[in-house]
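Below you will find one chain, with nothing else, as C-alpha cells; this is the form predicted alone, and questions on how it binds or moves follow later.
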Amino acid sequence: MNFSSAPIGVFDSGVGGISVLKELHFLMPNENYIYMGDTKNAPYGSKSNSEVYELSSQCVSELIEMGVKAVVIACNTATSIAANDLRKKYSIPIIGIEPAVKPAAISHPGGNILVMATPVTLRNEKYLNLMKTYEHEANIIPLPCPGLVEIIEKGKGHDGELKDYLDRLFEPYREREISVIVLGCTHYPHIKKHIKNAFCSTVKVIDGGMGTARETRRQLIEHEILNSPENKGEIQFISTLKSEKELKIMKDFFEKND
C-alpha cells in the first residue's frame, strides 16, 4: 500500500476529539482516518500526569500498529502532558492541540479572555507558559470546568443538566465584559451553542480545532504523504470499551451539525 493513502490516527479520551476530526475531514476530505476514543479510561482531565502519559502512549502505540502515517492528539490534556515525549519516541508526525489563547489575545488586545479547560490542562506548565506569553496582550482568565466532560460524554438527553452546570459556572463572570471565550478542551466545541446561550448569545467563542487541522496538513505536505486528491477518504471509529453504544455516540457526534 502507498504510505500516502495510509490513515491519519486521531485520539482522545472520548468523543471530544471528534470536534477536531470534523475540522480535519472538512479540510482534507480525501484522507482516511482512524478515530480512537479511549472511553475505557475517560476522562483524562482528572488523572495524574503519569497516568495521562501512559494512556496517551498506549493509544499512539496501537494506532501506529494499525499503520497510521500521522497521529493527531485531539485532546488538550494529553497534548500538554505527552506530545513532546511522544514526538521523541516516534518518527511519524505527531500533532497536538492547545487552547487558542494566542489568536484570542492578538485579536482582542486589552480584552478579558475566558479560557475554559479541564483542571489538569490549566495547571500544566505548557498552558501556564502560554498564558505568560500573552498576559501583556490581554487579561487571560482561566476557568476550570471539572465534570463538564462527563456531562458531554453522556450525549443527548442531558441538556437540563448541562444548562444548570453552565449557569453556575458563568455566574461570577456575568458582570464582567468578556471579549471572547476560548474552548480549551476538544469536548467543548460540541456544546458551543449551549455555551453562547448560557453566557451571552453575542459573545465570540473560539477553539483550536481548525488550527490543528491546518498544522496537520502542513506536516503531511512537508513529509510528502498527502493522500491523492482523487481519493474519497473513509473514517473508522474505535472505542477502547469495545462498545457498540459508544461507537454510535461517536458517529452521532461526527454527524451532528453544531
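Worth saying up front: this structure is predicted, and the values here are computed from it rather than measured. In this text, residue numbers run from 1 along the sequence as written.
The same protein also exists as the form predicted together with a small molecule; that form is not shown, yet it is the one meant from here on.
Contact annotation: Ile94 falls outside 4.5 Å of the small molecule in the predicted complex, judged by heavy atom distances. For the chain shown alone, Cys185 is a contact residue for the small molecule in the predicted complex, at least one non-hydrogen atom being within 4.5 angstroms.
Taking the partner from elsewhere, Val115 is found to have every heavy atom lying beyond 4.5 Å of the small molecule in the predicted complex. Mapping the unseen interface onto this chain, Ala104 falls outside it, with no heavy atom inside 4.5 Å of the small molecule in the predicted complex. Heavy atoms within 4.5 Å of the small molecule in the predicted complex belong, among the stretches 73-81, 172-180, 123-131, 136-144, to residues of 73-81. Contact with the small molecule in the predicted complex holds for none of Gly9, Glu31 and Ile235, as no heavy atom of theirs lies within 4.5 Å.
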